[in-house]
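Take a look at this one chain, the form predicted alone, written out in structure tokens.
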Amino acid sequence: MEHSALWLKAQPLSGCGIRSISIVCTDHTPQSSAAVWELRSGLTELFPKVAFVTGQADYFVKMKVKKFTSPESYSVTSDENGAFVTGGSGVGILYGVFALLRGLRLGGLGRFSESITPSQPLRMLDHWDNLDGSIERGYSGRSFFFRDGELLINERTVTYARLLSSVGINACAINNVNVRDGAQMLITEKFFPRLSALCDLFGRYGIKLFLSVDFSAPMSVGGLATSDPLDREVQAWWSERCAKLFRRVNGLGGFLVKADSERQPGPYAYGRDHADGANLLARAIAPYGGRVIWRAFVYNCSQDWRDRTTDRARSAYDCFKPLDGKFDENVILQVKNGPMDFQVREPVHPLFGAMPNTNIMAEVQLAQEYTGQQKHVCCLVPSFCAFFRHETGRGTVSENVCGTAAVSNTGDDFCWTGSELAAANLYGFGRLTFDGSLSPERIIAEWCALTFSDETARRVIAEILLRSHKAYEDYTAPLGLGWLCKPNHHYGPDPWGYEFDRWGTYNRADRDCVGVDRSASGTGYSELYAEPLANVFGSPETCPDELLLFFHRVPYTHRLHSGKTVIQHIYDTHFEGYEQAKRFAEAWKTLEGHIDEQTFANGSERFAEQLRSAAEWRDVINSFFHRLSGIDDEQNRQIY
């Protein structure tokens, strides 16, 4: 299927007289070879009439390896005569070349200098792709990795590796963490040749391949009677299986595992803990330099909705905090950004900073499962920035992690991400995890400039993107309430849809009050944070307004720090959010003729749906709270 090159597609530089270019690279690793190819390809797009020569030329690029603090570090200096690119390895040179090409496209042949050591060592995408070609929570078509049980490697796969490397993403898990439909068979001999070829392709672009595996594979693949991690026969099976896999698939990064959550098998079935489960796999792949990424998304806390003491938000902390220091060195615990499930607003997970003796990485979601499913524009880059820079009481989140994984938002449609604007989230995730000093404004301006040639389009789209997250939050879930969406598919409003669910209750709204008491006098969740956060979150008087109803149950007449009552805030934000969505749709209409017809038509269709859905959210949520509270809107607007 045809596909876009997204931000990699360059327009010729105007007014440039360069006719000859000399490229010299003293490193000959596969990554440096990819860097030379990328450089020649990118410079040809920028200077269409150029000839590549040896010796004297109008413009030169010299590349070499030198000692840096990280093999992924690079330094670039450039002016109108040429550029020097140095890297800590061939991968560093490759990143430096992408930085040089980005600098030329954004600033022309003027002076450019940049030296970067990645902010986070592991920068990963998690695909929830199934072997039949479907994608769980996928909103951009079908999988481009799998079709009818086969692993695909083609021109699209190459472009994808280039896209990821260009923004510094260095790891990718290609199959669903919910291992179903035979996906556990990826670790069988049938797939070894294709996996090896994909490892080679990814490796040329500095990307490690990871596989999601079935914890019960000794039974489902090996035919054993148990998957008990302390059983010697199980341990021997994993050691033998991993020896075959890693020797045939050279360069494999390791495994991604989801266990004991949402009906996935795990160590709890045998009375073992998660350290037992993770260490079983870690020891099997340690001889080959592999790593086990073990997801902390565990909430086996099914409860009666009338139970006010059990709290799903506590589940991962209560499960994993006692295991600090018990995981092997090559285990990484992957923790979601918040304690729930990628809601539009959650507090930062209390496990960040709470496990100093465990390798921790963060998990965020690019696929907009709860933020409009790529039908609504919702730029996540500002929220990612705030998350990484959030003070845990023991340093920032970024200082407490060895990396971040993002649930991918890509599929096989032309523009990769369903909506062209959703590609900004993929670009922004890579850039921010590679260089944590970047601002949301800088990242979005870069992406717009690399994606659109028209200045009006760049300005209008940047403004829409930077305001979109707040707008979505305003017309959907107020003050930290989550799960006001329709069950199962999670699109559209249903404030009672999850309220009597077996996994917990989320708004506890009645005629007098709303919110969940997670203070010391409630479920005690607020006490899991280090000071001063425990104290800040623990009282309605100090809790930030945007999280008030996540931590506290208060009357509708409770006054926020803004001076408004809770109920009036709910009314106002839902009307304001809809009006902002309306402005987005109107602004997009002005871009006809400024962007290509396909992008304009795609955006027009999605903004129309966003506006329809925003009106539905506004009316359903406002009516829900108006009918419960009996309190009228101070501005006498129509509430159905």
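All values reported here derive from a predicted model rather than from experimental measurement. So that there is no doubt, residue numbering starts at 1 and follows the sequence shown.
Not on display, but discussed next: the form predicted together with a small molecule.
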Single option in Asp341, Glu150, Asp79, Glu114 placed near the small molecule in the predicted bound form, where near means a heavy atom within 4.5 Å: Asp341
Residue among Trp238, Tyr160, Tyr370, Tyr317 with a heavy atom within 4.5 Å of the small molecule in the predicted bound form: Tyr370
Contact at Glu473, His574 and Ser623 by the small molecule in the predicted bound form, all three, heavy atom at most 4.5 Å: no
The small molecule in the predicted bound form: contacting segment from 67-75, 419-427, 504-512, 254-262, heavy atom within 4.5 Å: 254-262
Distance check, Arg345 to the small molecule in the predicted bound form, heavy atom within 4.5 Å: no
Distance check, Arg295 to the small molecule in the predicted bound form, heavy atom within 4.5 Å: yes
4.5 Å heavy atom contact, Ile461 and the small molecule in the predicted bound form: no
is_contact(Glu136, the small molecule) in the predicted bound form, heavy atom dist at most 4.5 Å: yes
